[in-house]
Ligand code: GGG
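Shown next as structure tokens: one chain only, the form predicted alone.
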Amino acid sequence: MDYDIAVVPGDGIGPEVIDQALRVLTAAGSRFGFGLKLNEFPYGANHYLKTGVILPESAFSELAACKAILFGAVGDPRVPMGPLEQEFLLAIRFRFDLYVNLRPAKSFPKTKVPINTIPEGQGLDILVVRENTEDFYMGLGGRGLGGFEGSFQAKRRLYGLTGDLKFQAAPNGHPTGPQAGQTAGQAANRPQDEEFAFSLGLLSATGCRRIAAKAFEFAKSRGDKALHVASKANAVPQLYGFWDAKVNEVAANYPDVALKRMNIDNLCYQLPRSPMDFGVILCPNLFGDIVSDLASSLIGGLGLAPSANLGDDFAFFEPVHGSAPDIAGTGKANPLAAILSGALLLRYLGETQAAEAIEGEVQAYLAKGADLPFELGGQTPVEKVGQILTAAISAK
């Protein structure tokens, strides 16, 4: 069996860590009897600076011809923050309807962590299930001086949206203008000179229900007795009150899994204090991005954090860490998150034995406590870490 895999190394340390992930995946394929047909794509900062295009329309059909995507990182100081992320990462998530973002955070042996609330001999096994296509990541927003007037459009596989937004600032907060009794200075207030920025968050009933069902299924398959759900309905009832209501509807189908709703601030407070109380954590898009990074810190850092973006017929795998341009080319990158993301990709393909072998060798490598990458206190270059794990996989 050969699998067509799209490879997008991306920016910064992306090419370095993806090179090592591919070495390990190829070794696993040789050991377990499957092949990977690697189709590399150049998209990222260099491509954008050279062509002026982040992701051409033709790329979507080319990527769709593959089974899945393995991606490195996005972000480059030569490009303003925002366009690369929105027109590459978010565009792929939206176009392929990759509505499930899985971010596991599992403890590793002999890995230094910033807390002492994990009992000796035990480890964390947290899975953040993040809704991946809605909330405040819709890409709807802008800036205006004294107000704003414009049209919006959003396309999803579930729906299409069009709309107009118009607002205008009023003097001293009064729509009818300056009020009686104001001083001359107050009356001279010019709200049309005030600049505003805004972002629109949106949730659909189907979007909430389908990600909630996935989270309950993951909790059930793990044997968890509870599912924690992040919210903030007390402050943003229009959005997160709706989220809570739709998650509650799905919860009725899973009576054996208790629903534990937590405001996001309390969840972030309790997670490091009592991490063993958590298993699967369901989050809307924005909160999931934050909580997953917090969970990663509790296992030793982002260099150990893989992720999967899943839809019903396509998938995209990437390490959670960014492009880290400050260490690109120095050999200090940690490839373990990319390698573990590759293991998630193999699970998606049905090559479970190969995935488990890779995850097991990462555990064994860290248990030895030798030849560690820089992030984990060692001085082993990124390529050498890849060589060690490739040799371990091939030797079995």
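Everything quoted here is computed from the prediction, not taken from an experiment. Each residue number is its position in the shown sequence, starting from 1.
The following text describes the form predicted together with this ligand, which does not appear among the structures shown.
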property	result
R130, Y137 and V320 all contacting this ligand in the predicted complex, non-hydrogen atom within 4.5 Å	yes
Location of this ligand contact in the predicted complex, chosen stretch of 24 to 32, 51 to 59, 348 to 356, 66 to 74 [non-hydrogen atom, 4.5 Å]	66 to 74
Contact assignment for this ligand in the predicted complex, among D244, D289, E87, D97, heavy atom within 4.5 Å	D289
One residue of K214, R93, K232, R261 in contact with this ligand, assessed in the predicted complex (non-hydrogen atom, 4.5 angstroms)	R93
Non-hydrogen atom contact H228 with this ligand in the predicted complex at 4.5 angstroms	no
